[in-house]
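Single chain ahead, by itself, as structure tokens, in the form predicted on its own.
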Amino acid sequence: MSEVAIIGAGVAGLTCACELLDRGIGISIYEQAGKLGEGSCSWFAGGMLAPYCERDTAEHEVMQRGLLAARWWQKHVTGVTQKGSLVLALPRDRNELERLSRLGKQCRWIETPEILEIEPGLADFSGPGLLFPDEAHLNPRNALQDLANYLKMREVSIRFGQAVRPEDLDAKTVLDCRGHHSHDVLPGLRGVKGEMMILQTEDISLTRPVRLLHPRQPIYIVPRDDHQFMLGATLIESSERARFSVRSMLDLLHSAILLSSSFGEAEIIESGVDVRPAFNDNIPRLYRKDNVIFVNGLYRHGFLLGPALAIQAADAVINPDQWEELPQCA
């Protein structure tokens, strides 16, 4: 009998696993997919650890809980890059930047000459921007593998191909980290479809995530290894995960070319679609039912808020008072 059984090996499940293991709690992990990342929306994430940028579209709580993300990831994985985030807008959309700049003092204005100094690859772009110097990013796929390797080093293996439910497991506590697959149990959990692409080109280099505030299709572009760039992502109120629409692809690529014409010649080496789990307010939370803690609702903030949610879950496992404070799932 395990002390804690975890269902799901996406970012929620693996951060919870590492946090519990760091506190000396025995765990077991079950994942329905046949290999790491398969069928997980974490695989298609941007990997931006950008609590201040997220204030543009998220609640203040997202920023507060995301402040510890970079430090937690630096402790557990390699490849966390802390060169900040660059947010740009076309001159006609400067008011969008001004609105974002008023949300906090964690950014500074940056004009075209300095933009080209820190990101020469944006030579085609002419417009103002905001630099958030304290933010970071990582490659989600490498990070998930690093967490899995960390667990393996601690003699914890992920049991793949196990489509289990909490009632199937003999454990003192079960953490249900199945994302949208738990929608039949959790009140108000919905799916939000996201579409992304990975582009490859040697004609442009970036050192930090770049966001373009665009009225039709805002985008972010995150640099990865081997001249690759993650381009994302749409937000569609739908639980359908089977297709990448033509309109979405055209909108994403059009916005990318506004940043640099070099993206017009890039190769699309991968496209992906998945469904993010979200509650009505887009804030993640824990629920409890019998011996089960549901860890869910990370929305588009999996790598940013996963550590904070994992810490909260571990606290609840260890501390009966905090367990009792969790809302109960009917």
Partner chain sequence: MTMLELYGRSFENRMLLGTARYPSPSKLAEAVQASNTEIVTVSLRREAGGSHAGEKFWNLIKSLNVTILPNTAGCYSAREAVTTAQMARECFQTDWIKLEVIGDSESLHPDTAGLVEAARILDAEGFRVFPYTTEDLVVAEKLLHAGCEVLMPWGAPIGTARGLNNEYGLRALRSRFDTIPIIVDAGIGLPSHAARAMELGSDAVLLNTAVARAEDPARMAEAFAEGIRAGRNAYLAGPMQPSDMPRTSTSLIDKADLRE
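Numbering follows the first chain given and starts at 1. These figures come from a predicted structure and were not determined experimentally.
The discussion below concerns the form predicted together with the partner chain, not included here.
Asks: Please name which of the stretches 220-228, 80-88, 97-105, 197-205 has residues with heavy atoms lying within 4.5 Å of the partner chain in the model of the complex.
Replies: Careful reading of the contacts points to 97-105.
Asks: I'd like to know if S28 sits close to the partner chain in the model of the complex, meaning any non-hydrogen atom pair within 4.5 angstroms.
Replies: S28 lies outside the contact set for the partner chain.
Asks: With heavy atoms only and a cut-off of 4.5 Å, decide whether T234 touches the partner chain in the model of the complex.
Replies: Answer yes; at least one heavy atom of T234 falls within 4.5 Å of the partner chain in the model of the complex.
Asks: With heavy atoms only and a cut-off of 4.5 Å, decide whether S262 touches the partner chain in the model of the complex.
Replies: Close contact is absent here: in the model of the complex, S262 is far from the partner chain, nothing within 4.5 Å, heavy atoms only.
Asks: Using a 4.5 angstroms cut-off on non-hydrogen atoms, would I158 count as touching the partner chain in the model of the complex?
Replies: Although the partner chain is absent here, I158 would stay clear of it in the model of the complex, with no heavy atoms inside 4.5 Å.
Asks: To verify the annotation, which of these, E270, D56, E61, E38, has a non-hydrogen atom within 4.5 Å of the partner chain in the model of the complex?
Replies: Filtering the options by heavy-atom distance leaves D56.
Asks: G34, N149 and D170 - do all three of these have some heavy atom no more than 4.5 Å from the partner chain in the model of the complex?
Replies: Checking in the model of the complex: none of G34, N149 and D170 is within 4.5 Å of the partner chain.
Asks: Mind listing which residues of 265-303 have a heavy atom within 4.5 Å of the partner chain in the model of the complex?
Replies: In sequence order, N280, D281, N282 come within 4.5 Å of the partner.
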